[in-house]
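Here's a solo chain for you in C-alpha cells, the form predicted on its own.
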Amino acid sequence: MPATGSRYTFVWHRLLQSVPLLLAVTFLVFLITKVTPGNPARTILGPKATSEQVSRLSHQLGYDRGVPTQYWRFLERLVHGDLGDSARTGNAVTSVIATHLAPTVWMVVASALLTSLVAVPLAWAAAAHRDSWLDHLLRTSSIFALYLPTFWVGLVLVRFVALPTGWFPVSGFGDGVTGHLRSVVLPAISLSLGLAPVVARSLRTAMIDVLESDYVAAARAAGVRGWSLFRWYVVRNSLSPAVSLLAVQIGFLLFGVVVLEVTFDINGLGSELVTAAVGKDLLVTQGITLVFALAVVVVNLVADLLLVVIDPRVRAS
C-alpha cells in the first residue's frame, strides 16, 4: 500500500506541476501575435483591406485591448477549441491542424520506434563488450550524430536509396497504411540516425551500472545468462535514463519533422507551419506552434509517469 500511495502522490504532484508550465507555454505562444511587426489584423486581412475593416477585426479579436485581457480571451477561445480562422483559406485553424496532423504523427512515432529498436541492441552490445571496438564506435558516432544535418541525410537517402531502388517514394504521404509506411521510412531513418546513437550512449552507461550491481552478480551466480539476464535484470532497471532522454529529444524530433516534411514534400504540420509563416498567416502559425509546444510538455509528462511504472526507485523517492 505505501508503494501504491507514493505512486499516486508522485503522479498527482507531477500533474499539478504541469499546470503552470502549460500556462507559460500558452502565454509564450500567445505572444507570437504581439512580437510580429505591424498590426496583426492588417496582416490577417492583407494590404488591400481598408482602415475600417482593420479596426473592425482588431476590435473583434480584442487586439485593441490590454495584453492581460487579450490573453484571457485567448485562453477562453482555446478551452472551446477556437484558434481563429486561417487568413489564407478562411478555414478554422483547428480544421487546418486536424487535416495535417496525421503525417506528422506517423513520422514522430516511426522515428521514435526506429530509434528505440536501434538504440537498445546497440547499447546492450556496447555495455556487454565494454571498451571493445563496438563500444568505442558507439561513443564516437554519438558525437558525430549531434552535427549530422537531418535534411542532408534525407537528400542522401533519396539519391542513393529511393531513386536507384524505387522502394520508397521521394515525396508525398502515399495512400492507405502501406503507402503511409513507405512514405515515412526514409524520414524516420533520417531522424533516427541523429538520435539513436545519443540515446544508445545514455542507455549504455545505465546498462553498465546495472551490470556492475550486486543483484546482477547474484543472478549470474544463480546461472542466469544471455537473453534472460538482459530481459529480466538489465533492461527494466536501465530504461529510466533512456526514456527521459527520448522525451527530452521530442523537441529535436519535431524540429526534424518540420525540416523533413519540407524535404520530402509531406503535407504535415511541419510543412504547413513553414507555409503559414512565409505567408504571414499568423493564427495558423500560432496554432501549430501551440500544438508542437503542448506536445513537448505532454510527452515529458507521460515519460515521467511512465518512469513510475518501470522504476520503483522513482516511487520511493
Partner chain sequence: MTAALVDPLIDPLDNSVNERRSAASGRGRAKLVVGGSLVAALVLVAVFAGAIAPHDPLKQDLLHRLADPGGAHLLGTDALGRDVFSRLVYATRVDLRVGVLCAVVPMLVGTLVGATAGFYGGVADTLVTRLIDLVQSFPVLVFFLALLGALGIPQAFLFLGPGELPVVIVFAAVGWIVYARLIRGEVLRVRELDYVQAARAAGLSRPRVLLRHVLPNAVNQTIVYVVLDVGLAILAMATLSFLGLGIPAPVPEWGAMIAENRPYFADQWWLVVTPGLSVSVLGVGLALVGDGLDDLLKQS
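Numbering follows the first chain given and starts at 1. Every value quoted in this text rests on a predicted model; they were computed, and no experiment measured them. So that the term is clear: the rigid core is the largest set of C-alpha atoms that superpose within 1.5 Å between two forms.
Beyond the structure shown, there is the form predicted in complex with its partner chain, which is absent from this document and is the topic of what follows.
- Put simply, Ser58 is far from its partner chain in the predicted bound form: not one heavy atom of it is within 4.5 Å.
- Taking the partner from elsewhere, His129 is found to have every heavy atom lying beyond 4.5 Å of its partner chain in the predicted bound form.
- Interface residue remark: Lys280 is counted as part of the site for its partner chain in the predicted bound form, having a heavy atom within 4.5 Å.
- A residue is said to contact a partner when one of its heavy atoms sits within 4.5 Å of a partner heavy atom; Val274 meets this definition for its partner chain in the predicted bound form.
- Between its partner chain and the residues Ala102, Val224, Leu181, Val156, the one pair within 4.5 Å by heavy atoms in the predicted bound form involves Val156.
- Site annotation in the predicted bound form: the residue of Arg220, Arg88, Arg139, Arg73 reaching within 4.5 Å of its partner chain with a heavy atom is Arg139.
- The partner is not shown here, but in the predicted bound form the stretch 130 to 161 reaches within 4.5 angstroms of its partner chain through a heavy atom at Arg139, Ile143, Phe144, Leu146, Tyr147, Leu148, Pro149, Phe151, Trp152, Leu155, Val156, Arg159, Phe160.
- When two forms of a protein are overlaid on their rigid core, residues whose CA moves 2 Å or more are considered shifted, and Asp82 is not one of them between the shown form and the other one.
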